[in-house]
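A single chain, nothing else alongside it, follows as structure tokens in the form predicted on its own.
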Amino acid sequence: MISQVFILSSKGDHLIYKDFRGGAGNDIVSIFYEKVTALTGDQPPVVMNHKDIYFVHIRQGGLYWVATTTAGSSPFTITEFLNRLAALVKDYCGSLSEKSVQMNFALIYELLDEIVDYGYIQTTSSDVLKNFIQTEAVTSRPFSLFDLSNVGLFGAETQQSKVAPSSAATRPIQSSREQGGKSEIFVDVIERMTVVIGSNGLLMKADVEGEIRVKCYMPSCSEMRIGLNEEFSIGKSQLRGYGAAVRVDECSFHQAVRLDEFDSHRILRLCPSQGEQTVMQYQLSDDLPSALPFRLFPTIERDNGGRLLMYMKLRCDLPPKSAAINVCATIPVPKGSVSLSQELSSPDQSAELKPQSRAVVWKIARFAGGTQLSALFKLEVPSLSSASMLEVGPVGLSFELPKITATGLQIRFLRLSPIQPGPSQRWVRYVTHSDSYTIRI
């Protein structure tokens, strides 16, 4: 049973507050924020208490999503409720941010009225809620298919028309009503890499966690069929098909997915509800089918003037027609480093010394596959010694690889039944992120 639900900004501003039971005082929000900010560390505990009141919270979109309850309630149930509430707000508002919550407070209160009754959860299904939610979302920039910037994407059959804009899937689900029958569905294959490379250059750990995420803007769709690689196999079973093997160690599916055609044809069948849902999750450990995207060749030494020299050569081993974006290398440096001078191999790079975190941050906006970039960093470190030089590293890389999956998983086809009346669009997108990419020096 839930007593209150409230949403706070990262600074503690009250955005949403709903009291279902009337059992706590008005200062309960301030008490929570004081407790969560007084704790050390980046991740405070999910469950905290004050006297006989328990706070259960999550952080999404830079906001605190909090529910209060009393003893006897399941914290797992309330945590799942908060995650589902955040997903609903994202579906109905288009995005999760302080601004979108402020602009759509009336819509969020209407959602809370429908999904919770006197502290008891009623439903979190978007299919059920769409019959009762009447408030339209307010967006900072209304989505329009007739915007001139989108004519090339949604209009003529050019090469550019095969690419969906990054903001296309971040609009409210009710906006499909306003498009005159226009309906869209997005299938995203998202993977996150965890890699550790030793100082000798040998791979020590390589894990990939992935998911297939569907976001539906179709008012009615009885069934969707998603075809995966015919060579897709789970575990170390016999390989399938005639092409390159696509293998994962573990795989789980959403409860709505029907698997009667999965074993024979690798087809997922489901009836998607409006909004976003994860239909499949998978994991692969220590057996990547392709080469690692990045290799680092560092040289650390001290010059005659007593400065610390760090020469970094970073190689991108992606295919030549591919590219990584938003590449960022964080290089820990000795304590007391006071200044940095740099020599970068190309103008689209940047670097800065952050004394608070004791690191040099090297940023590359776009890194083409099959190329390499280098940087020479000269650090002024008072009383530099051999012991302090050992404080350099390990290097942490963050990046994004569009149109690439580390496991090789691909969507063969995406079919809807029955055929949708009027024009419709189906988008399939691939992206690989770095979850933790560590290179020891």
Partner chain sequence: MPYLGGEETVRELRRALSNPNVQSDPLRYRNTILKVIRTMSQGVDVSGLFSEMVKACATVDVVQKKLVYVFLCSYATLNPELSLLVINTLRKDCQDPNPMVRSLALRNMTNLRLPSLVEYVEQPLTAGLRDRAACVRRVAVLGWAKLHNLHPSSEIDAAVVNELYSLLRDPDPVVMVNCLRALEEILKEEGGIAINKPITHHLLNRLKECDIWGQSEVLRVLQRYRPQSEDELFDILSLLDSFLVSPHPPVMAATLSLFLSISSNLPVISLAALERVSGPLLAACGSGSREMRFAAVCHIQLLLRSVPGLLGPHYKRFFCGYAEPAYIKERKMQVLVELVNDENVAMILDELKGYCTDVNTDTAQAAISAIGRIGRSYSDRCLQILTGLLGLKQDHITSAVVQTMRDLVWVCPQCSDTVCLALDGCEETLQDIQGRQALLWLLGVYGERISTAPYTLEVLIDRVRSEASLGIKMELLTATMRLFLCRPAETQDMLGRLLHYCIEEETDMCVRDQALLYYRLLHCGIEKTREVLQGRRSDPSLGVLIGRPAKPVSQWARCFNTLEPLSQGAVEAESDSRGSPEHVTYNSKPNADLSDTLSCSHIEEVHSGAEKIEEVDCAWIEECVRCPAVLHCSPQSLQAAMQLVNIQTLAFTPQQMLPWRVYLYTHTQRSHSMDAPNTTLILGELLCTGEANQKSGVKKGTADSEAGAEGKEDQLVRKEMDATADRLRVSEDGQEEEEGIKVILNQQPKDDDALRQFLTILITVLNTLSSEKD
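Under this definition, the rigid core comprises the largest set of C-alpha atoms superposing within 1.5 Å between the forms. Residue numbers count along the first chain shown, from 1. Note that the structure is predicted; figures quoted are calculated from it, not measured.
Not pictured, yet referred to below: the form predicted together with the partner chain.
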property	result
Output flag, His57, Ser74 and Pro394 jointly within 4.5 Å of the partner chain in the predicted bound form, heavy atom basis	yes
Heavy atom within 4.5 Å of the partner chain in the predicted bound form - the one residue of Thr371, Gln283, Gln342, Asn326 that qualifies	Gln283
The partner chain: the contacting residue among Arg358, Arg266, Arg225, Arg315 in the predicted bound form [heavy atom, 4.5 Å]	Arg358
Contact test in the predicted bound form: Val257 vs the partner chain, heavy atoms, 4.5 Å	no
Partner proximity in the predicted bound form: Lys363 to the partner chain, non-hydrogen atom cutoff 4.5 Å	no
Contact of Asn131 with the partner chain in the predicted bound form (heavy atom, 4.5 Å)	yes
Leu96, heavy atom within 4.5 angstroms of the partner chain in the predicted bound form	no
Answer range among 302-310, 287-295, 76-84, 258-266 for contact with the partner chain, defined in the predicted bound form as heavy atoms within 4.5 Å	76-84
Within 4.5 Å of the partner chain in the predicted bound form: residues from 425-441 (heavy atom criterion)	Asp435, Ser436, Tyr437, Thr438, Arg440
Threshold 2 Å Cα movement between the shown form and the other one for Pro75, core superposed	yes
